[in-house]
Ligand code: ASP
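Only one chain comes next, encoded as structure tokens, the form predicted alone.
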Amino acid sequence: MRLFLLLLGALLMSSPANAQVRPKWTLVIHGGAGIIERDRVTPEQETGVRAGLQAALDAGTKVLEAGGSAVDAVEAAVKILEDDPHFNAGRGAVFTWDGKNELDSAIMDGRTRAAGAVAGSTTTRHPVSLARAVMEAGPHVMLSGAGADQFAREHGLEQVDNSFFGTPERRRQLEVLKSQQSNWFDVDLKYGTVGAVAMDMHGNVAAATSTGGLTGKRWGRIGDSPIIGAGTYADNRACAISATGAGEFFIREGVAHEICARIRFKGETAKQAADTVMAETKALGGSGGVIVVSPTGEMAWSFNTPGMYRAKASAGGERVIAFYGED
């Protein structure tokens, strides 16, 4: 009898009812990291950013709940953030030294590891959609500058005047930076890059990132956001990642691919891998953060700054929107 009870207990402990069930879908988004602290964020800013993150979650969730792909979900979420001037992507992007807006974006499908990226786009309303067009309709992975916008026009993507992207607040930030002369980074030390990662009902993952780069950037500077393996990466064998931060250091660390490699080859959780790589990036001198989803349903974020605008949702789970390190 004792042996029977022991065997019964073992069976119950290993039964599906007690096993961790993978959610049908997951979605994590970010709106940038940096010196995001309660005494620096006004009530109006907090309300606006929270509404933007909520709207992006709604857009991505709608796709996933209907059985849509992870690629469709991350594009939908990022497009919402590109249209929101609270973030440094699309409308609301920071100005270059010469007073223009140059936009970078990337998207990657973890199922096939197909990827598309653009750098220095100036007239395409939604750079993330341009990156997707590059991935699906062109022979290359990355396009830049006038050529990227020409490709967008040839594929029917909405075009706008470059002035569409600028806002008075971003202009003020450029003027402050120029007055400081020696400062090379955003005056408020907020990397407002946006991104989304998702797992769909089929267990496929995808990632998308979009940014205006750094205030006052010069000489055609490109950060990590459109660099596959640095600021954006997706692989069904490991995870999907979108990053935000000091791009030069994320490129040197190969942050996104490095996290995926640790998950794939070392068997680390998404959180373990992300924390380790973000610590290594900090040791190089780089600040910022990442969001991660895995095909197992794990969602994670990691940042080495005081805060990061971030949010997550999953099938049957509660939504979380957070700003600060203590959230």
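In this text, residue numbers run from 1 along the sequence as written. Since this is a predicted model, take the numbers as computed values, not measurements.
A second form of this protein, the form predicted together with the named molecule, is not displayed here; the remarks below concern that form.
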(message) Can you tell me whether residue 192 touches the named molecule? I mean in the predicted bound form, with a 4.5 angstroms heavy atom cut-off.
(response) yes
(message) I'd like to know whether residue 214 contacts the named molecule in the predicted bound form, with contact meaning heavy atoms within 4.5 angstroms.
(response) yes
(request) Using the partner position in the predicted bound form, report whether residue 246 sits within 4.5 Å of the named molecule, counting heavy atoms only. (result) yes
(request) Answer for residue 105 alone: is it within 4.5 Å of the named molecule in the predicted bound form, judged on heavy atom distances? (result) no
(request) Heavy atom within 4.5 Å of the named molecule in the predicted bound form: which of 111, 125, 257, 221 fits that? Just give me the one. (result) 221
(message) Tell me which stretch of 125-133, 238-246, 145-153, 111-119 has a heavy atom within 4.5 angstroms of the named molecule in the predicted bound form.
(response) 238-246
(request) Could you list the residues in 82-113 that come within 4.5 Å of the named molecule in the predicted bound form, counting only heavy atoms and keeping sequence order? (result) 88
